[in-house]
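Just one chain is shown here, as structure tokens, and it is the form predicted alone.
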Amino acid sequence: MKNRAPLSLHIPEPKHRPGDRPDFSDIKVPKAGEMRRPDINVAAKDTLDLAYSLIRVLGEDNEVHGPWAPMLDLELMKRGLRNMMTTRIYDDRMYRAQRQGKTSFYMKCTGEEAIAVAQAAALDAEDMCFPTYRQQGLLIARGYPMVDMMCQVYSNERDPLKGRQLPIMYSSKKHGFFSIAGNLAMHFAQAVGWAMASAYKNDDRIVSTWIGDGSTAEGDFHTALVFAAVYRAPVILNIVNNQWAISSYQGIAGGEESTFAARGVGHGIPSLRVDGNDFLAVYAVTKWAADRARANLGPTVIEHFTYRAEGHSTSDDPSRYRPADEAKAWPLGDPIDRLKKHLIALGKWSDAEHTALEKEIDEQIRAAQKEAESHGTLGSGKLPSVKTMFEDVYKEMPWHIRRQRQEMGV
């Protein structure tokens, strides 16, 4: 007989399950301003401490601290606050529309608004974005018409995508927003390819792309990092670690063993881990990464440490796999509330102004929703014309497709 202990398989388990009391005391949150800010030409191995800690700018005193403080002008911060608030109110309206049967599906980004909105502020308007389904804030920050966003959700007769995409999977070439794919890891490699092509053509546009913590366990993620590192592609590789991939907690994707940012260092890419609920910190690390890309220094990996406050989608019930009040216990707070308190601390904002802005945004979104719904909702019969199914496949429609359309009488 062998005198050996039996082997056992480790199955990662979340810290809290329904009925448990949420406790995030094991998360070590450094003080704002503690982390150093290296030059943009830093070697990947010299960012290891930044990949394992957490870059923060806004402190508990609502002031900015440390070398990462971006010192933004007041108007940019107010615009960022407005865009985050607009994103959240828009989400709430569309979520209710789904519950009323006006659309089949919706996904919110509650608690993650800073990740898209702050990046939009730090990037140039011409830069290309390859988003997931929680970066609707990019479109809002870039001025995409809200009525068009809603019509896409409703898949109605004015849907810019003509009913060909799942609700919330927007696309706009004009606004540098690549069509969202449900298989998230796939577009990570596509983004790197786009960035390589931009550099190959001596263009000046860089790329930013996003992936969830769960999807980093897929092969496409590592393929993207290999190509980005080898060819020094001008791309920002964002990992949104919101603790949950659908109902699967981030430990299943390897989050227990290391940080997700550390994977970038292993591929030879400078990597940062940032407080994803800190608008100023997200802006600062994005600007740093963008400056690297524009200087032909290659890619940067950014892990945004945040929390998915709502369900994965309207098809998900998070109370079945985590405590109902877990989001309230999250130690990094709410991105909108934190930026609001910072502006108040500067003496440039007030609770009354904030309430008035909420009301103004809500009225604008209600008006947009009324217009969008005039073009149809789920089951109303107001759909894109059948003839559109023959369009946009070939540059010049071939004879057999024209004949099929004629046979249908459209």
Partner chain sequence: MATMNMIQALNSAMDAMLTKNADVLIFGEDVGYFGGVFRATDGLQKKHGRQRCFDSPIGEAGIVATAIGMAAYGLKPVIEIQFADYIYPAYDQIVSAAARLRYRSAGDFTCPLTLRSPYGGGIFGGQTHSQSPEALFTHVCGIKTVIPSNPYDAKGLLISAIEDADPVMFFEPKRIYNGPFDGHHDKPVQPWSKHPLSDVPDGYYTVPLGKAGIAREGNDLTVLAYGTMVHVALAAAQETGIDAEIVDLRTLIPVDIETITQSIEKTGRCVIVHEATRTSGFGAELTALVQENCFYHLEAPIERVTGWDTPYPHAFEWQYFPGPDRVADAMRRAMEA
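Numbering follows the first chain given and starts at 1. Keep in mind that what you see is a predicted model, and the values were worked out from it rather than measured. Here, rigid core means the biggest group of C-alpha atoms that superpose within 1.5 Å across both forms.
Note that the form predicted in complex with the partner chain isn't included here; everything after this is about it.
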| item | value |
| --- | --- |
| In the predicted bound form, the one of Arg93, Lys162, Lys287, Arg322 near the partner chain [non-hydrogen atom within 4.5 angstroms] | Lys162 |
| One residue of Ser258, Ser313, Thr223, Gln100 in contact with the partner chain, assessed in the predicted bound form (non-hydrogen atom, 4.5 angstroms) | Thr223 |
| Answer range among 229 to 237, 85 to 93, 274 to 282, 249 to 257 for contact with the partner chain, defined in the predicted bound form as heavy atoms within 4.5 Å | 229 to 237 |
| Any non-hydrogen atom of Val192 within 4.5 angstroms of the partner chain in the predicted bound form | yes |
| Touches the partner chain in the predicted bound form: Asp20 (any heavy atom, 4.5 Å) | no |
| Interface membership of Asp392, the partner chain in the predicted bound form, 4.5 Å heavy atom rule | yes |
| Non-hydrogen atom contact Lys78 with the partner chain in the predicted bound form at 4.5 angstroms | no |
| Candidate site Ser171, Arg205 and Arg403: all three near the partner chain in the predicted bound form by heavy atom within 4.5 Å | yes |
| Partner contacts for 195 to 213, taking the partner chain in the predicted bound form and a 4.5 Å heavy atom cut-off | Met196, Ala197, Ser198, Tyr200, Lys201, Asp203, Arg205 |
| Residue shift check between the shown form and the other one, rigid core fit, His400 Cα at least 2 Å | yes |
| Threshold 2 Å Cα movement between the shown form and the other one at Asp23, rigid core reference | no |
| Glu13 C-alpha shift between the shown form and the other one of 2 Å or more, rigid core reference | no |
